[in-house]
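Only one chain is given next, in structure tokens, and it is the form predicted alone.
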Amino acid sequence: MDTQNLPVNRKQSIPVARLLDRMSEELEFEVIGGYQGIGRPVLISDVNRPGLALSGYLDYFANDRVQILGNTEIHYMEQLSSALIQRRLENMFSFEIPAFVLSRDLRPRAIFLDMCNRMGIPVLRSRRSTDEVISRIIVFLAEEFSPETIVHGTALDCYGVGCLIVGAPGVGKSETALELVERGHRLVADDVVTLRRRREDNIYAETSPVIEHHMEIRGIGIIDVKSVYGVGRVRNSKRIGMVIELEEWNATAAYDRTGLIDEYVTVLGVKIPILLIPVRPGRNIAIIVEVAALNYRLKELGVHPAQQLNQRLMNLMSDEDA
């Protein structure tokens, strides 16, 4: 699998409207001010609590982040005189601010809302706690700004292990995936697989919103796996645990027959185990993928069958030499 030439995409910004749209149900957002600025860009996958900025210290004001206002910030503003809070806010608003998010259903001072409406800075409010608002927004933004790429292959959940099957066109990726679905495993995406690196440095495969869970089977055409096999045989996302590369059998190639050395491929900066599986008539690739997935789970538990067998053989030879 050649990962050197994979195109890597990363969003440079997202509009506040996307945050509102995607997180409204989860955080029960309502817009209480500055709605005309809903298209303002969010440029970074982090948030800021502007307590120091409200106190007048702006030297290191992280203005390019979503600003979170909790009990501390709102109660602090209530203690300031109207003239002082107006002067502090004017200094803050001289910077470009994407949006303010209030937690705990808090209500800011009227002068704050008036200035946000005048400056076109969206003010969103949630009934959730401040910690919950912060953590959920950070997770959402981290996913939105995470690097991604698209590969030609098939992604499945096999015994709980995310398997990305790649190989040359016509080698049998989709047919193998279809047999695995028939055997009870779940399809994530076929042909066009979006790979995204999440914050915890894991690679996730995601289905395409256009193709979804459709597959192209030569001789049959396009099939809808969800309609044919049911919703229990598909999923929209899965962390990739291993890459399986299929290739036509090459009699001159030296294929691994012991499994003592683990091979890896780097995708979006993350190392993932890879297996090279030769394909020829008579080989049941679906069963091989199943065994590979189960073997991967054993290794995750600290059990390496090939190395254990090799160690027993080495011990036996050592005893015989003694």
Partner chain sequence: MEGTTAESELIIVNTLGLHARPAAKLVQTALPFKSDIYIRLNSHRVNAKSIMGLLTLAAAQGSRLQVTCTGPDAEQALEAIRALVDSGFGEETWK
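Here the structure is a predicted model, which is why all the values come from computation and not from measurement. Residue numbers count along the first chain shown, from 1.
One more form of this protein, predicted in complex with its partner chain, exists but is not displayed; see below.
- Here is the short version: of R197, H214, H185, R128, the single residue with a heavy atom within 4.5 Å of its partner chain in the model of the complex is H214.
- Among R87, R118, H152, H75, the residue placing a heavy atom within 4.5 Å of its partner chain in the model of the complex is H152.
- At the 4.5 Å threshold, heavy atoms of N9 reach its partner chain in the model of the complex.
- In the model of the complex, at least one heavy atom of V192 sits within 4.5 Å of its partner chain.
- A residue is said to contact a partner when one of its heavy atoms sits within 4.5 Å of a partner heavy atom; V210 meets this definition for its partner chain in the model of the complex.
- Using a 4.5 angstroms limit between non-hydrogen atoms, A251 is distant from its partner chain in the model of the complex.
- Of the candidate stretches 109 to 117, 243 to 251, 128 to 136, 202 to 210, only 202 to 210 has residues whose heavy atoms lie within 4.5 Å of its partner chain in the model of the complex.
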